[in-house]
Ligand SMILES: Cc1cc2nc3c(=O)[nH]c(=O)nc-3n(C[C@H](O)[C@H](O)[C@H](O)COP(=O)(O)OP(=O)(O)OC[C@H]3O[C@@H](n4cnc5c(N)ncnc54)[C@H](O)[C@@H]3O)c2cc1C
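The chain that follows stands alone, in the form predicted on its own, written as structure tokens.
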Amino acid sequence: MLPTASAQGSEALEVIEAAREAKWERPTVAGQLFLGRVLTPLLFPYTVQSDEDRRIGDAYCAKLEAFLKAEIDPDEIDRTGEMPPKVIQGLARLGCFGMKIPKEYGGLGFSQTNYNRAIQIVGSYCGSTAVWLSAHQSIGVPQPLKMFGTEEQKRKYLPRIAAGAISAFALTEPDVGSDPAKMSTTATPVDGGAAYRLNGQKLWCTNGPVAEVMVVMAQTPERVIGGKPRKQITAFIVERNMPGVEVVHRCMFMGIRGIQNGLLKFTNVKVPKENILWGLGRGLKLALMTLNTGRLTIPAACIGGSKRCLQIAREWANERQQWGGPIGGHEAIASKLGWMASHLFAMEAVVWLTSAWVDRGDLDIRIEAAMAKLFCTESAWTIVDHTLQIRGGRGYETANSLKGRGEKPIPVERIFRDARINRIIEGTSEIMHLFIAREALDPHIQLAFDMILPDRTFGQRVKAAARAALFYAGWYPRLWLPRLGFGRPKEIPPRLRGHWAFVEMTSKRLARALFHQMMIHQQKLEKRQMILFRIVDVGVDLFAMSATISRAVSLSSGSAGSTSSAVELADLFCDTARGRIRSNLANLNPSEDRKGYRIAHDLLKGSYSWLEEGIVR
């Protein structure tokens, strides 16, 4: 993660560093929290859809909801593992496969907000259908082609895709997860560079088994940069009908059983150079930049699923009688319901604010999108777990079984299985933590770069040291100064003012904590992942609190004595988040981290094999 990593894994880090967006040309609200700064003018007032854009979204979501209820049976899709062709055809007629494609290429030209609203509706009803649409548009061909394609490429492929040609994105390989340096798929120039010969395999390619067109990442010949050979990862547009493209295996999963996902093999696939997307060696950067906005789709689907869970839990907590009253009246269940409602409100605050910022186009949301993905997938998992617990045995029983004995076929068991993948796909929670940590550290790394890199001259090191000293001499003392409340939004109701003051104060404490850990661990900080995880979790909660307070203000009357439901939800969420923040900051480096690491090391060597005795081998 840091540019001073050990030799082991340094090649992978070099590849990733080369693919990062190195510059911050637009403001980042979440990123500034790690520097102790709260960009209040960008948070207030809460950014919302225009009335015209909302009307477009309202009309489309109404049609989409009607189609889902009339044409899709999520439990049947889950049971058979197949998406009926008539469903795909119906989605295509509705324009679902062209929601993010501009109108001039045959798409609907939706804003990010309306696209996410549509995904929320689908996610509340059928996880498999949501993944079909998300994999097609958020990380499939439309998004990178729209961002980086030539006009000729756009006119060739986008109308076809908008009409319903399924697309996919092929990056992961059987032996390669998050380490692009180990990518083994190759693209070798042939015919004097007029085409490339593609060879390799791609795993877990969602939509891959049925995709007509896909983006495939492959290694092209190395280039010498700065006297050193550098790996080049290039993105190619590959069509299913090209000779040598083969679906080796369709993967089946715990949940989202109606998706098409598989192992693809490319054997001497001849791809014309015109199908290179963006340029040679720019594939990994393309993937990372595509994911910046693509990551917002999963949080939107998580909101839909969480809303469904809240409805199920609320209705059952009112209906189910135990010990003389409805179970919702008992504190153990009520606390779960309160947590679910307040965190769902926070999830909406984060996603709709970040989506609106994407539509505005004047902010860098790479950290915010990663935070939305991390926060919403983790929160949604707790919400679905609480829902299953509240439903009890009926939550664990399948919908078909419930129906078979005369009860309502409420599909909590299916929702539970479908939801688990969200913490894994498009960057696991662990990878999200590391990504956010790397971006949070970037201002400090930029200052130290010329001091650390071995090929820098003595003069460059001296100048870098002077720049760093000047910055920290002004920045660090300010982190200890109290916030005086100047510029604090006057519309914040009294019930939330203390929470906003906490955000302002704690952002400084977060910045100090990050800086102190950098000084203590220096190059070794990259290996202290649990410290970084806790720092990132604090930043995520602070950003969620900021968005939640802003949204509550926008939904309330704004009067000094406001007691609206939005303010109540924000108040509860902020109380809960503050508890997590205090715990993380007070225990950044507990002794059990090192103890746990040592035990894990010994475990891997076989020292605790006796713990595995007494099982069926």
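Throughout, we count residues from 1 along the sequence that is shown. Predicted model, so just to flag it, every value in this text is computed and none were measured.
Below, we refer to the form predicted together with the ligand, which is not included among the displayed structures.
Stretch 201-209 is the answer when you ask which of 201-209, 89-97, 111-119, 350-358 has residues with heavy atoms within 4.5 Å of the ligand in the predicted bound form. Contact with the ligand in the predicted bound form, judged by any heavy atom within 4.5 Å, is made by just one of 139, 412, 369, 346: 139.
Note on contacts: among 507, 261, 232, 290, the single residue with a heavy atom within 4.5 Å of the ligand in the predicted bound form is 261.
The ligand is not shown here, and in the predicted bound form it never comes within 4.5 Å of any heavy atom of residue 476.
The shortest heavy atom separation between residue 184 and the ligand in the predicted bound form exceeds 4.5 Å. At the 4.5 Å threshold, heavy atoms of residue 434 reach the ligand in the predicted bound form. Contact annotation for residue 311: none of its heavy atoms lies within 4.5 Å of the ligand in the predicted bound form. Applying a 4.5 Å heavy atom cutoff to the ligand in the predicted bound form picks out 421, 424, 425, 426, 428, 430 from 410-430, in order along the sequence.
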